[in-house]
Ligand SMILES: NC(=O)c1ccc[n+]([C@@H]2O[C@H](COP(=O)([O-])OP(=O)(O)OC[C@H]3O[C@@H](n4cnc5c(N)ncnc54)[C@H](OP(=O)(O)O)[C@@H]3O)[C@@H](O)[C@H]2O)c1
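What follows is a single chain, given as C-alpha cells, in the form predicted alone.
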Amino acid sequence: MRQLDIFSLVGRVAIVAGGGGGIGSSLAEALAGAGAKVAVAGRTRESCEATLERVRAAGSEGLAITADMTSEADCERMVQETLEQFGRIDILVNAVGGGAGKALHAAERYPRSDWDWIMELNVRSTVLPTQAVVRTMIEQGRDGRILNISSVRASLGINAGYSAYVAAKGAINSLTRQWATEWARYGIRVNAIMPTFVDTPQVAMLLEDPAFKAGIVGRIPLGRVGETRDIVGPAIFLCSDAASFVTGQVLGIDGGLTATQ
C-alpha cells in the first residue's frame, strides 16, 4: 500500500448535512474527490442539486436530499434515503450553522427568541443528524467518523453581542469531546474543525467593505481571510484512516488567530 492511500475514502459513504452551503459544498466535493460517495443534505433542493453536480464532476456518485436538520423526522429520512441508495453510512459532516451577525445583542439583554434561534441553527442542527446517523453506525458494527464544524468563537470572546453564538459553538466543541468518549467503544471517531472567518458566497458582500476586511485580516497572523480550500485538507484527514487514532479533538484552522489572542 502506498503511504498516501491512508487518506483515500474509496468505498466510503458520506453525508454532508448543510451540503448546499459555502463550506458544506466544498467539503462534499472534496470527499467525492477522495473517493467517497456523498449524500448532500440541505433545506433547499436547488443548492443540494448544485453541490451534487460538483460531486459528480469530482468523479463520484451522489445523492441530493432536501431536509431540515432541526427536524428529527427529516434526519431519520435522510439516513434512510442514504441507506436505500448506498447501503451504508461511514462519515457524517455537520456543516449547518451560522447566524452570528444576524442576532447581536448586549449579553445582559439577550432576547430568548434570538437565543433559541441561534441554538436551533447551530446545536440542534448538529445533535439531531448525529444521533440519527450514529444509531445506524452502531447497528452496522463498523467504525464511523463524525466531523463537526465549529468556530474560533467557541474559544474567543468578542465585544459585539455574540453571546448566543459563542455559547452554541462552545457547545459543539464540548459535544465533540463527549461523543468521542461515549462512542469510542463502537469505533466511532468524533472530531471538529474550528475555522476563523471564511470567504464564502454568504459573506461576499461583507468582504467587499475594505474596512471590514482589513479589520479581520489585521487580527490573523498569516495575513489573509480563510478560504474553503484551507478546510478541505484537514477535513479529509479527519475523515480518513490517516486519523484512525484521533478522536475528541478540535482543530483550529485560523491562520494563527487563536495562538495570538
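Here the structure is a predicted model, which means the values were calculated and not measured. Throughout, we count residues from 1 along the sequence that is shown.
Same protein, other form: the form predicted together with this ligand, not shown, and the subject of what follows.
Remark: Thr70 counts among the residues lining this ligand in the predicted complex, judged by a heavy atom distance of 4.5 Å or less. Shown alone here, Gly22 lies within 4.5 Å of this ligand in the predicted complex, counting heavy atoms only.
Contact annotation for Ile149: at least one heavy atom lies within 4.5 Å of this ligand in the predicted complex. When contacts are judged by a 4.5 Å heavy atom cut-off, Val203 counts as touching this ligand in the predicted complex.
The stretch that touches this ligand in the predicted complex, counting heavy atoms within 4.5 Å, is 43-51, out of 56-64, 208-216, 232-240, 43-51.
Just one of Val133, Ala154, Leu121, Ala164 comes within 4.5 Å of this ligand in the predicted complex, counting any heavy atom, and that one is Leu121. Residues from 188-216 that approach this ligand in the predicted complex with a non-hydrogen atom closer than or equal to 4.5 Å are Pro195, Thr196, Phe197, Val198, Thr200, Gln202, Val203, in the order they occur in the chain.
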